[in-house]
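One chain comes next, on its own, written out as structure tokens in the form predicted on its own.
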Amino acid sequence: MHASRGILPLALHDVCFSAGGQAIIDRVSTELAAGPSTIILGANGAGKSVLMRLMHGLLQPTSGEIAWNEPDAERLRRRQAMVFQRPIMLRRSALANVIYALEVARVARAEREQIAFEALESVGLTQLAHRPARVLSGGEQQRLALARAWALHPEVLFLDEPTASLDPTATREIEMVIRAFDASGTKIVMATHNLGQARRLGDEVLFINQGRLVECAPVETFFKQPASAEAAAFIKGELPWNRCADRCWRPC
């Protein structure tokens, strides 16, 4: 699926991100390799989504360095994708949403419709191909967002709380699609605060607390023997979501 040279590993060196004079990400250093599914875990407000946007390139760090194994910015952009908690749907059919993603990626016009149908089939939406995307249910819209990513065969797929607003049935459907991406060789990087989901889908955990990377460990090690008091408290449900956490992060 991918060329011999991969865009991974992704290395972060002392990455900070500040907004409004407050540090949201505080000196994060880590490396993501090809293969294992990486879960960015932490309470609401911990900085998970911001860290993922920094990795994906939607935000630029205030300081520090983010380095991929790919110097060509255009090639790097084409080989990664991101799905958000509330995906943006264009005012067109489900099929046309996928075709548009292929058009942006400069896939040959003659191939777009077939690839788009295959992507919709992969997420179980073939029967809704001609339905307006904006009238689909929340779970169907999320599967459509995943179909847009599937059509591009990304080497890395970033998922930002992809099931946070979905019911259990829709959540199971999305998790099945995520497993299919993983099985196809796509590197999964997913932000979640859901402990069960982290166990089901993750191979390794990056635990974020108040903008800091507190712990990085294999998923079973993290849950059985957390190395930090913050992680142990979070696993027990004792680490509250601090609505004013952005006021408490230390400056970089």
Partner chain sequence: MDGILQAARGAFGLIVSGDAALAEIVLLSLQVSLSAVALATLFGLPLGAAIAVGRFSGRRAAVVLLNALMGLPPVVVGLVVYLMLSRAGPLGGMGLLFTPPAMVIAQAILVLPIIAALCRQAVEDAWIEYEEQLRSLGAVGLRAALTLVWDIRFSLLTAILAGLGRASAEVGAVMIVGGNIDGVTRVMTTTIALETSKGDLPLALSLGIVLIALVIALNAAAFLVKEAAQRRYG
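Numbering follows the first chain given and starts at 1. Just so you know, these numbers come straight off a predicted model, no measurement behind them.
Just so it is clear, the following notes concern the form predicted in complex with the partner chain, a form of the same protein that is not shown.
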Can all three of A33, P61 and H153 be found with a heavy atom no more than 4.5 Å from the partner chain in the predicted bound form?
no
Please tell me which of M82, I178, L125, L166 lies within 4.5 Å of the partner chain in the predicted bound form, judged by heavy atoms.
M82
Indicate whether the partner chain has at least one heavy atom within 4.5 Å of a heavy atom of R148 in the predicted bound form.
yes
Is it the case that A101, even though its partner is missing from this view, gets within 4.5 Å of the partner chain in the predicted bound form, heavy atoms only?
yes
Hey, in the predicted bound form, is G185 touching the partner chain, heavy atoms inside 4.5 Å?
no
State yes or no: in the predicted bound form, is some non-hydrogen atom of A110 no more than 4.5 angstroms from a non-hydrogen atom of the partner chain?
no
Residues within stretch 18 to 56 having a non-hydrogen atom within 4.5 Å of the partner chain in the predicted bound form:
R53, H56
